[in-house]
Each structure stands twice: as C-alpha cells, then as structure tokens.
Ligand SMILES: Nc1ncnc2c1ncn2[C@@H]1O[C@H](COP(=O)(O)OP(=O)(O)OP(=O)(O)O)[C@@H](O)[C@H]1O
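First comes one chain, alone, set out as structure tokens in the form predicted alone.
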C-alpha cells in the first residue's frame, strides 16, 4: 500500500466495524512521519478518530502531532452553517419584499432529508479543492459505505439539478433581459461541481481504499462498492483485509474459524484479483494510542 502515499486525497471506506478508522489513522500518521503535511478528516458520525488518538478532535483543523492535523466534521453544524450562507447569498440576489418568504423556504428545505449530506459534501469539497495547497495529503475516514458512495455521486446528481434550474430560469427571462444574478449564481454553482467531479476522477491524485474483514457481508458490500465507484469513475487504490486470524492459534474453535476464514480469503483473492490487496492479522486488543497506530502503520506501509 506504499503507493498510496503518492496521492493527494485518500478515502477509507467499508462496512461499519471493519477497521476503517484504524487504517485511515495509521496511514495519516505514517505519511506525516515521512515529512508530509497531512490532514485526517472524519466524516463518520461515530467519530472514532478522537478515541484512537486519545485526544478530542474539533470542527476545525488542529495539529495533533508535528505535520499531522485532525478534523471531525459535524454534519448538523455544517448544515446550519450552509443554511446561513445560502440566506446571505439570497439576500444579495432578491429584494427585501420577497426575502422573508425566500428565507422561510430555505429553512423548510434545510429540514428535509438529505440536507446534512449536501452540507457535508460542501465541506468535503472545500477541503479537496480550495485547501489542496495547504496539505500534501488529505485522508478521509468515512461513514459506512452506502453513505459515502452517495456523497461521491453527489457532484453528478447536483449538476443535473442545477442544469434543470438554469433551464427553467432561462425560460422565465425575457429575450432582451440583461445579466441575471440568479442565473449567474447557478452557472457558478455548475462550474464548481464540475471542478469537484474532475478532481475526484483523477486517479493519480485521488484513491478510495476499501477495508473489509473475511466474512460474507463485508465481501458482498465491497463488491457493490467497487461497482458503484467504477460507475462514478473514482479509482480504487486497493483493499485492506483486516482481522485475519494468525496461523498456529491452538484449539478446535480457532481451527474451525481459520478454516472458514480461508474460504473467504480465497474468495477475496479470486473476486478482487484486479486490485492490490493487503492482509492485516487480528490484533490482540483494540487499537488505540500512538504506539499501537505505529504498529499498524508498519503493517500497512512498511518501514520508512
């Protein structure tokens, strides 16, 4: 997995509870130890990054260790901030006569399902596009797979929505009308979404790492994720197969578990042969603290 350190943005995803946070944190730590300026971002509502590093993360970047910065995105907070930004933009576009009703409609829209996802996507886009010169590498510890894939598909979905709004707005305007601030705002939005989508599709700069364990449900979820990422033209940088039982464990129970795991490991080898794969043995205890993260870093990326 050492080739991943050449990327500018890494997403770690997979089914809940497979070790995404550990792998993302260990990769970010090792990259910072190799002289890179790294930002570790948690988009998972559970926010386990604070637990692993044994210190609280905040809503804004803060330095955890030399060269390593951390951030936990609060989707609810981002949604409220996004609503205020939209209100401010609306205030610049519309007259006071209709501003009150417009603000009311914005509040209603903000309460609808999906508003937090839009706000979360906006924050992630800012980090990927606008802050790219501040960090050598941005590592995203994401929510379980389905939620994250919806976020990555959002540029395409929102572009279609903005185009439809632009078409409707053009139909409303008189042919001899001058520059329209609403239409100009929609066009800027469309251009922004195209930039984000183009950035996510750059295989040499962005990669998605799928973390799984050798069990049936994570294997199937990984297969679906690969299909959806391919449909969105997002590059899969590799697979981390976590919690593999070590050989030599005594007892009939462990022998049976290893036998069952081997069936799944053989299936992973066959079904995902096109992607780099790394096996990580089952740890003796939960991973937390810098010393244990360093051990995982060596397993993922080797010695510096």
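Residue numbers count along the first chain shown, from 1. Just so you know, these numbers come straight off a predicted model, no measurement behind them.
Below, we turn to the form predicted together with the named molecule, even though it does not appear here.
Undergrad: Spot the stretch among 26-34, 261-269, 41-49, 61-69 with residues whose non-hydrogen atoms come within 4.5 Å of the named molecule in the predicted bound form.
TA: It is 41-49 that comes within 4.5 Å of the partner.
Undergrad: Any of the heavy atoms of residue 285 lying within 4.5 Å of the named molecule in the predicted bound form?
TA: Judged by the heavy-atom cut-off of 4.5 Å, residue 285 is in contact with the named molecule in the predicted bound form.
Undergrad: If you check in the predicted bound form, is residue 10 within 4.5 Å of the named molecule, heavy atoms only?
TA: No - in the predicted bound form, heavy atoms of residue 10 and the named molecule never come within 4.5 Å of each other.
Undergrad: Taking heavy atoms and a 4.5 Å cut-off, does residue 155 contact the named molecule in the predicted bound form?
TA: Judged by the heavy-atom cut-off of 4.5 Å, residue 155 is well away from the named molecule in the predicted bound form.
Undergrad: Does any part of residue 243 reach within 4.5 Å of the named molecule in the predicted bound form? Heavy atoms only, please.
TA: Contact check for residue 243: yes, within 4.5 Å of the named molecule in the predicted bound form.
Undergrad: Pick out the residues of 1-35 whose heavy atoms come within 4.5 Å of the named molecule in the predicted bound form.
TA: Heavy-atom contacts within 4.5 Å come from 15, 16, 17, 18, 19, 20, 21, 22.
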